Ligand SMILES: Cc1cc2nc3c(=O)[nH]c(=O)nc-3n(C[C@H](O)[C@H](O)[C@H](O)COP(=O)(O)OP(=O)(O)OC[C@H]3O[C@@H](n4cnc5c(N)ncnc54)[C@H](O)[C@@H]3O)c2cc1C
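Single chain ahead, by itself, as structure tokens, in the form predicted on its own.
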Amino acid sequence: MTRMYDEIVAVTENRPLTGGHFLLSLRAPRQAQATRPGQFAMVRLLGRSDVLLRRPMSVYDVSPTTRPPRAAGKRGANAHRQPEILQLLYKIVGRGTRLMAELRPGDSVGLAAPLGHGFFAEEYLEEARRADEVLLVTGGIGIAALLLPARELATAGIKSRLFFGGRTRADLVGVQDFESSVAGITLATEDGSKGHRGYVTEPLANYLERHRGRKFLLMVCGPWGMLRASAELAKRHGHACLVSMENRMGCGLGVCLGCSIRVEGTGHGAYERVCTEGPVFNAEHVIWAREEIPKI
């Protein structure tokens, strides 16, 4: 488990993208250097008594500062530089994210990161090495959790392929960032404005069917329905599947229990917290049936 840092950090950029998406860059050297693929951060807006809870967000990317080092030599000025910038990809969905979209360079936010267990616990990495190919599957803002895993796989020499779906083409943000790390990209939109018309799990199902003799590992992040459908496809074809769960969080530290999900256990099952035991789980351990709220 990597160490978490809770600090006030500076905004260096808050770049608007398509479809109400933004890429927030923060100068956070300690958090950036400690982050592992698939972990997340909790963002706190300062000076806002009307927005009490932090916002959980997957760490999209980490990178060195854009400024050249003071004592850079003639060779390899950028070589072996430690990351100082932590980036969060988010979409305006409510009051908190609307206020985040107003952040400007020089503003500050509270940042607790890195949090949770990511995709590359040792047993998960061994599963990836045994696969013929890793299939990265995502929908909407779930793409934010998969860029660092894609790069980690490429660095390890493990072949991967991206399946990315959204409601419209405006939702397909960040595709170009994956191009150098994956062997291929399949896009899908519900309105048919880009790629396959329909859900991304449809071309995924076709791909698995066409390559029945191969061994895959699925790494999935997105809305509940897509996670469940991907897990069912993986189970049907006999492939391992890791899912990065998205749940409402209050604290991000495992105290409030608000993000708990049902997992396989004794009796009626057990519960684990997305923020601490997750966000990445073995799909076979998740109980996918939604619990009904008792009527009072």
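Predicted, not measured: the structure shown is a model, and the values here were computed from it. One-based numbering along the sequence shown.
Heads up, the form predicted together with the ligand isn't pictured, but that's what we're talking about next.
Candidate stretches 147-155, 166-174, 90-98, 125-133 - the one whose heavy atoms come within 4.5 Å of the ligand in the predicted bound form
Residues of 90-98 come within 4.5 Å of the partner.
Heavy atom within 4.5 Å of the ligand in the predicted bound form - residue from 111, 188, 217, 141
Only one option qualifies, and that one is 141.
Decide whether residue 247 counts as a contact residue for the ligand in the predicted bound form under a heavy atom distance cut-off of 4.5 Å.
So residue 247 counts as contacting the ligand.
Looking at the partner-bound form in the predicted bound form, is residue 58 within 4.5 Å of the ligand by any heavy atom?
Residue 58: contacts the ligand in the predicted bound form.
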